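Single chain ahead, written as structure tokens, the form predicted alone.
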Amino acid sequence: MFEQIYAGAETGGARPPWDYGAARPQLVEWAEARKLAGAGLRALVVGCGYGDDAEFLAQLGFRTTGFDFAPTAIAAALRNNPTTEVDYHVADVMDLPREWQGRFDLVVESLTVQSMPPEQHAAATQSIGALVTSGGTLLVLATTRDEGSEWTGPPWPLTRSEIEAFASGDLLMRRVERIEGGAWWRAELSRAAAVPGA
């Protein structure tokens, strides 16, 4: 589905409905509030699409990786950012490279899990959480759905319990906000830093 949407946009069809045309404001606001500076730390953007969020993080000084399931999206990201320092990949969130596990200081997940069928949410959530390194941060952005509400997707907005499911093991929920008039979740999680010698 995702490749078809991006391929259609390449031939004059509608842009993907999730494409903002710039770095997502919910990410920019979060970064600005924290005076976020990459300083060479490693960041990864899940389902990066055309790369706007990834390029934003790279501008903040992160060594940034972006991946998307759709080859056409990655090709467009590279074409639109010819001098990019972002490392772009075609990859499936359900089958990510083993060497990415526990590698990234900041992982940004924006609207990817909710674009997948609900029966895949738990596995995708676990796969994304595993990317965060010791002491690292996971930022989750998703549209909201009330517990128990009926919904015919795609997309399938996330419930509070699905947001909280990102917290697993030593990946701890630090803050959950319902923003944009209640239409969006913004959740910040962090992995406990390893204790030297432990």
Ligand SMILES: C[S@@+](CC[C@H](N)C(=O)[O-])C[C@H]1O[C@@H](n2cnc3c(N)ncnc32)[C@H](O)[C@@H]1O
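In this text, residue numbers run from 1 along the sequence as written. All of these numbers come straight from a predicted model, not from anything done at the bench.
Missing here is the form predicted together with this ligand; even so, the following discussion is about that form.
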Problem set entry | Interface membership of residue 81, this ligand in the predicted bound form, 4.5 Å heavy atom rule | no
Exercise. Quick one: does residue 171 come within 4.5 Å of this ligand in the predicted bound form, counting heavy atoms only?
Worked result: no
Exercise. Looking at the partner-bound form in the predicted bound form, is residue 76 within 4.5 Å of this ligand by any heavy atom?
Worked result: no
Exercise. Given that the partner is absent here, does residue 46 sit within 4.5 Å of this ligand in the predicted bound form, heavy atoms only?
Worked result: yes
For this session: Just give me the single entry in 156, 30, 56, 69 that has a non-hydrogen atom within 4.5 angstroms of this ligand in the predicted bound form.
Result: 69
Exercise. Does anything in 101-134 come within 4.5 Å of this ligand in the predicted bound form by heavy atoms, and if so which residues, in order?
Worked result: 110, 111, 112, 115, 116
